[in-house]
Ligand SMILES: Cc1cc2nc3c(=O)[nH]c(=O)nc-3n(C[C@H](O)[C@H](O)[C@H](O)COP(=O)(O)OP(=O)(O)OC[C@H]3O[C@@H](n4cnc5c(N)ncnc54)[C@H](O)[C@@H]3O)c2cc1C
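Encoded as structure tokens, the following chain is the form predicted alone, with no partner shown.
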Amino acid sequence: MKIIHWLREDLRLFDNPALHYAASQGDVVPVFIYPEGLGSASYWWLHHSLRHLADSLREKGVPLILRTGEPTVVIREIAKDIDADAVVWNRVYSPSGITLGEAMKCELSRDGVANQSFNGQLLIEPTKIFNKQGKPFKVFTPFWRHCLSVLNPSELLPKPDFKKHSMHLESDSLDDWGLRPTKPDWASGLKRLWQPGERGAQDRWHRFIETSANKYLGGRDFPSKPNTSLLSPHLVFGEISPRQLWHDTNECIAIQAVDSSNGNKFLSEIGWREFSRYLLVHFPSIEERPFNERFNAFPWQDNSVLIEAWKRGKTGYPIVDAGMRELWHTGYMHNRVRMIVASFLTKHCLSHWKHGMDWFWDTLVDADIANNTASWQWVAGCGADASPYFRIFNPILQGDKFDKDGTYIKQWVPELKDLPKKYINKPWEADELTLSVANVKLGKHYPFPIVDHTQARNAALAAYQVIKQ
């Protein structure tokens, strides 16, 4: 049999259901089609991930075919060229991904080509989980509690053995896709931090289990400490499967290599990833509109000067600026800081959450439509199971609590590195002598706050009253 494996968000060999099935049935032709609409940082990651995957497949005697075009047209053309018996793929759980998958099934069936899709991205199938009333869950805790009561992920699938074949197909050149930045090459910080690809994902995962997993519960909120897994971009591109994380974590708990409190907290974060996709499947409109429809009438102000200062890490609030600069240089931001900067944009600046969502989409290596949408709406107060709008993070107190020594701030806002920690989260309160000794001149070396915290908080609460009434 000749089987096309249409690669989507599953750039790995290990525990890849569609690829494993294809290899077990006959000659496999792996095809990846240029994805439109990714952000700049995601395209950088994709280049290196595809390079790694192509090398891994080549070692097994199978070429990776790259093509550009409308996926249903491209796959049907290849199927016709090689007289394919079947096409398989792993499902993508986004509105556009679902629509495309359904269209592919329809077109292939019309052509008389067998086809089958698999769940290679989630622990659960979103369309099979409902509450006692038979409706989709809208709150995370009961959703995850229910999932835990029924979850029984199948065993992990080994890397497949491929049958060598003599089919030769034209392929685009990865370099010709131009996924990497050149003029200028802004990706130097990304290169230092990340190793895209399946091998990088496995290395990162094992390093987390060995060094950080037992500090996860108490340490995950502190951005200067390496207590998070940093697996999110690897999961976005499918370089590691959530089933592996589930099985490995539970095995570590069972043998007491990881204590249950830390292990289960990590698994609950995998649960949040599941919940984000679950929401997008059942409520696809949230990609464009707030889950809480009252927020359609919210009086966002969208001050372009404030938005631009936020993007550049020039707000005058050190913990916010540190996060935004970390994002720009590394394509990543610590999760606690993501909540702080998102709250600042939506509540201190009264800017629509979509401005932040779009900026994150372009700059994050782990940009993911489900997580990005759900998380921004959660912080803005308009999402499912959202943080109440009136919960407005105080960036000064957040900095004092989670970066009290200023280690994180001094790394990303070096102009404040000599400021005493008493003032590291509020440099405007330092006297002139202290600022002079630290070589800080506010308004020159570092900006004054673009908004006053108390006034901004009051304005946000007043705006909330508009829709509350």
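Computed from a predicted structure; not experimentally measured. Residue positions are given as counts along the sequence shown, with the first one as 1.
Just so you know, the form predicted together with the ligand exists too; it's not on screen, but the next bit is about it.
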Partner-facing stretch of 161 to 169, 328 to 336, 73 to 81, 86 to 94, counted where any non-hydrogen atom is within 4.5 angstroms of the ligand in the model of the complex: 328 to 336
Although the partner isn't part of this model, could you tell me whether D366 comes within 4.5 Å of the ligand in the model of the complex, counting any heavy atom of the residue? yes
Quick one: is T228 in contact with the ligand in the model of the complex, heavy atoms, 4.5 Å cut-off? yes
In the model of the complex, W272 touching the ligand (heavy atom, 4.5 Å): yes
Taking the ligand as it sits in the model of the complex, is V379 near enough to touch it, meaning that at least one heavy atom pair lies within 4.5 angstroms? yes
Given that the ligand is left out here, which of Q116, N264, Q244, N372 has a heavy atom within 4.5 Å of it in the model of the complex? N372
Considering the ligand in the model of the complex, which of F143, F295, F360, Y389 comes within 4.5 Å of it through any heavy atom? F360
In the model of the complex, does each of Y21, I33 and A201 have a heavy atom within 4.5 Å of the ligand? no
